[in-house]
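One chain follows as structure tokens, the form predicted alone.
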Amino acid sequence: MDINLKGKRALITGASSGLGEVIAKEFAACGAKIGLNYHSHQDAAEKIASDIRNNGSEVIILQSDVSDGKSVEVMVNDFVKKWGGIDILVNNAGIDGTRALVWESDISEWERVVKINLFGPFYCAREVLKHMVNQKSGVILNVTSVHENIPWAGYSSYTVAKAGLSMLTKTMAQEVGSLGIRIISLAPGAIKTPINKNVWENPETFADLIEKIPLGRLGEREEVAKTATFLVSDSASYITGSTLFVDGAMIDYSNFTHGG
């Protein structure tokens, strides 16, 4: 299938590394104009933007803290001022936070994870939808996680935020479906990225992780990026209000592979 995003204007948050980087490059390769958001790592963002330009695509760099509504408003306005509108938003920015059981949790850290992972996508969607509603077109792709369904002891703020983002996806899809706007969630499982390098480089933790994946391997960033590209394209024009899991069947209760 030849995915064509030619002329589409796409804003990707958290695009200076990990999944966001590869999604931005994949969209650009399919013809999209890219707004590459970063929070702290300007040098990395500039390197990625340079790679995209060198491959013949257009890109702008946008610094913003997605957990700050005013900062998001400025970012979206700058994007729209540059490109004249917006067709695609990928809410990718997120963190898993520091592991802590609920009664041991630091409140400010718990709130920080929820602000970035749930309030951030809400702030971004809120600002972007102001333009998409007027256009009567657009796609918002929220990057959630298998942990929108699977509990994860020690990471209650992360699982709560991702579950909330899944419901936000469904609710927004109801609100804007009649306006020609699609809202989708993409839920990665265990993907080989720099952020979890300490897990897949350690033989013991790697073996434990692989046992949780029926497909028997980690996913690659490119596999997520290609799925994201399909979902925001016209090839997925009848998909909205739902989550697509890219997880090697991790969500499929792998402990039951050999019977109950």
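Note that residue numbering follows the sequence shown and begins at 1. Computed from a predicted structure; not experimentally measured.
This protein has a second form, the form predicted together with ligand NAD, left out of what is shown; the following refers to that one.
Residues with any non-hydrogen atom within 4.5 angstroms of ligand NAD in the predicted complex fall in just one of 132 to 140, 155 to 163, 97 to 105, 177 to 185: 155 to 163.
None of V66, V59, A228, A45 but one reaches within 4.5 angstroms of ligand NAD in the predicted complex through a heavy atom, and that residue is V66. Contact check for A173: every heavy atom lies farther than 4.5 Å from ligand NAD in the predicted complex. In the predicted complex, at least one heavy atom of G14 sits within 4.5 Å of ligand NAD. By the criterion of a heavy atom within 4.5 Å, N92 is counted among the residues contacting ligand NAD in the predicted complex. A28 falls outside the set of residues with a heavy atom inside 4.5 Å of ligand NAD in the predicted complex. Using a 4.5 Å cut-off to ligand NAD in the predicted complex, each of I116, G189 and N196 places a heavy atom inside that distance. The partner is not shown here, but in the predicted complex the stretch 132 to 146 reaches within 4.5 angstroms of ligand NAD through a heavy atom at V143, T144, S145.
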